[in-house]
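Just one chain follows, in the form predicted alone, and it is written as structure tokens.
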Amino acid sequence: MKHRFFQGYLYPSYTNSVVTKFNSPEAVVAWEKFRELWQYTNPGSTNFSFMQEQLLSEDVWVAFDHTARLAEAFNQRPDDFIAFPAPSGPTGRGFMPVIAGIAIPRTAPDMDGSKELIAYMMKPETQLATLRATSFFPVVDVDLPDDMPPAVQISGAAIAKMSGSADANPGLLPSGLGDEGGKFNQVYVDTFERIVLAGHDIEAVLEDQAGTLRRIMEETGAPCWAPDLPSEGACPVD
């Protein structure tokens, strides 16, 4: 999840951008702060997966992860853990919501059956059952019952506070990249490893990685997504 942290939290909170201001003075400040904070992390954290495991083992006391990957810690020891919104930065409270869509291919062999399946999936009771099982929150307006698992109650309150905050600054998932999505994500992971783990000069790394990012955007022609401003054609890397 490292790349999602940089794309959805760090960059929106410091640059109000993910792509256009990748190599900007604001981005330099962001990486300076992240490198400063890294001294307080568990040295083995780059090898961790689901952070609920490290919370339960107490290898870490503060963790960042997807709500579904923290659920067991909250469910097993609800009195020992709290959830809190992502912190704010100079350009707002960056976070990454996931917008899910459902579609039916034109060539679907059973169009009516497909529509019935979608209608079933969108029912409030189905959405609540999904929430109980996976900690993926409903995409339709529902009232959460009082008997929801601790993970839902604890993380739900933090999510509501974060998304409803006055300085909320959501950064959407990358889009329009096709097969280049992995290379796009790798730009952010490589930047982290070179700056934070290897201690390389921040401005030099950003200048170098910006070239790679620019080539990906130009080759795919992917337009900008929030929080970057809309673009005609490929999202520019200034």
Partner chain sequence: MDNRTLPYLLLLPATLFLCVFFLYPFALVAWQAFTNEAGFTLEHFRTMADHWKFPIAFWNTMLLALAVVPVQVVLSITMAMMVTRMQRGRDIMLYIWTIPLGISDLAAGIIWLAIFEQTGFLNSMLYGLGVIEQPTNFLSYQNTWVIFIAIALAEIWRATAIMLVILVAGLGLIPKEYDEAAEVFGASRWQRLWKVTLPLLRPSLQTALILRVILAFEVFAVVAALGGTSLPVLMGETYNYQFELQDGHVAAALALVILAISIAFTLFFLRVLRVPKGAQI
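Residue numbers count along the first chain shown, from 1. Quick caveat, the model's predicted, so the values are computed rather than measured.
Keep in mind that the form predicted together with the partner chain is missing from the display, and what follows is about it.
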TODO: Mark residue 182 yes when one of its heavy atoms lies within 4.5 Å of a heavy atom of the partner chain in the model of the complex, and no otherwise.
DONE: yes
TODO: Give a yes or no for residue 44: in the model of the complex, does one of its heavy atoms lie within 4.5 Å of a heavy atom belonging to the partner chain?
DONE: yes
Task: Proximity of residue 59 to the partner chain in the model of the complex, heavy atoms at 4.5 Å - done: yes
Open item on the list: Within 4.5 Å, heavy atoms only: does residue 209 come near the partner chain in the model of the complex?
Closed with: yes
Open item on the list: Only one of these stretches, 63 to 71, 166 to 174, 189 to 197, 23 to 31, has heavy atoms within 4.5 Å of the partner chain in the model of the complex; which one is it?
Closed with: 189 to 197
Open item on the list: Residue by residue through 111 to 145, which ones have a non-hydrogen atom no more than 4.5 angstroms from the partner chain in the model of the complex?
Closed with: none
